[in-house]
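Just one chain is shown here, as structure tokens, and it is the form predicted on its own.
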């Protein structure tokens, strides 16, 4: 199961991507009740070398003080905003400034070593929102329908492996290359064959979730100079198992479907929008779907701004 959705507006202007993805994912809610998530690109407009961190902190003032101390020691600016609170955890959105991108992942590792602290993500050109629960509840909780951008991807999860929590919700990202995200429906059966050479190159894995393995694979190929459409073609060759993979980059989205076509994927476009989803009814929420294309086994599709 699991449902995936992606949308990109061809005019390169900002639109209510959060509202569009929410509608698309609500139509796919039956495919996964455990958690949902969004990666929305083009709406942050952060200065160069500024990054946004989403940090989950146990309802513990000392833990928050430790996070503030760690961040202010290395960042020339520090802004925080409480975006979600419950009986156990608070989620804070923080903006920081670093000298270069290579400092981001070591900083996140340092924060994760603090008691009662878990960094959900760090980004420059996209905003990630993910949590446990149903799409409509998460969208309301984080005001997703008001989030604007040029494009984005989303996911509703039926958990078949790893934990059900904010951290294991999709999308996943890799810090080997800035702002690459992946959502995935399926299973990668040659997981260790893909993961082992990536770890030897220095990729750091935080989970055993195969979607994390995919995003590292995608980022590594992009770092080698492959274009997005070429990376997706390579993924079909290299990855085994049933899958539909949806990738988000700072300037585009793309999908790859396994060679046997064991996981669904459809797309439609008009003069304004290119959209991808697990099922046709999800596309009907955002554009005229008189001409819907089934993505064939082993086929890839992408659109880059």
Partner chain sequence: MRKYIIDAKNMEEKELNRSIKEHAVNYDKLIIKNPQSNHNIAAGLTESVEIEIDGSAGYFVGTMVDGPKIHVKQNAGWFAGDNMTCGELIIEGGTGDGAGQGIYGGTVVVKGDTGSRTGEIMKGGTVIIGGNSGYMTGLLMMGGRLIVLGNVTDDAGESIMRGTIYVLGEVKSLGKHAQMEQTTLEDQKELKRILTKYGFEITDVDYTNFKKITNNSKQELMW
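Numbering follows the first chain given and starts at 1. These figures come from a predicted structure and were not determined experimentally.
Beyond the structure shown, there is the form predicted together with its partner chain, which is absent from this document and is the topic of what follows.
Contact with its partner chain, judged by heavy atoms within 4.5 Å in the predicted bound form, is confined among 43-51, 272-280, 246-254, 58-66 to 272-280. Residue contact check for residue 241: none of its heavy atoms lie within 4.5 Å of its partner chain in the predicted bound form.
Among heavy atoms of residue 33, none comes within 4.5 Å of its partner chain in the predicted bound form. Within 4.5 Å of any heavy atom of its partner chain in the predicted bound form lies no heavy atom of residue 236. Although the partner is absent from this view, residue 267 stays clear of its partner chain in the predicted bound form, with no non-hydrogen atom inside 4.5 angstroms. Taking the partner from elsewhere, every residue among 284, 290 and 297 has a non-hydrogen atom within 4.5 angstroms of its partner chain in the predicted bound form.
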